[in-house]
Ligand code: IMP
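Heads up, the chain below is alone and in the form predicted alone; it's given as structure tokens.
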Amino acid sequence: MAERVLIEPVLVVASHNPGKVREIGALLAPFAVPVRSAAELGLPEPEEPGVTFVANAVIKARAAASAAALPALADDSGLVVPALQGRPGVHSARWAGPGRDFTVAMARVQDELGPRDRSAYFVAALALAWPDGHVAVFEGRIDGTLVWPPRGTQGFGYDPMFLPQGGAETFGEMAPEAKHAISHRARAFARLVTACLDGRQHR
């Protein structure tokens, strides 16, 4: 999984999650990289049997790169709660059920956590895959605390209940640009930029 500079004119964002596609598109915007989402291209969603964020990100990126014959960037991310033995972790989206209702998922975290330690962290693994099978992987993490009730309507997923360390606003209350400056995804993306986007034209 060595580094390779992205020179192709189009990048597929291997996700059917509109919030995730929006965030990744915003992070890529300064680098003049046109993006197409997997949903936009009608690509199927692969099964994610991996037990780590990296494994699932690689599965999604390779599947999209192969199907689209273009480089593909996949994100696998989630909320890790040490007091819940790391859950929901790689199953963060599944806790939201088939309808992806994160109101339900957040309530489940709250119910299972009870009075225990409320520290938590978000992890993001980004996998950039090419059609020839080459993959580069980058990880990011941000620590924080879980609040209840959830606050704010920005972001997506568990954002309204996650208060980043040292912050006064949850990810759900922050303006998108403020979240993009500090998030787990932004930290992973900064590593990707250094390795694979160095030298691309900035807008």
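Computed from a predicted structure; not experimentally measured. Numbering starts at 1 and follows the sequence shown.
From this point on, the text means the form predicted in complex with this ligand, which you will not see here.
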| query | finding |
| --- | --- |
| Any non-hydrogen atom of Glu139 within 4.5 angstroms of this ligand in the predicted bound form | no |
| Contact test in the predicted bound form: Phe31 vs this ligand, heavy atoms, 4.5 Å | no |
| 4.5 Å heavy atom contact, Gly78 to this ligand in the predicted bound form | yes |
| Contact of Glu48 with this ligand in the predicted bound form (heavy atom, 4.5 Å) | yes |
| Heavy atom within 4.5 Å of this ligand in the predicted bound form - qualifying residues of 144 to 162 | Phe156, Gly157, Tyr158, Asp159 |
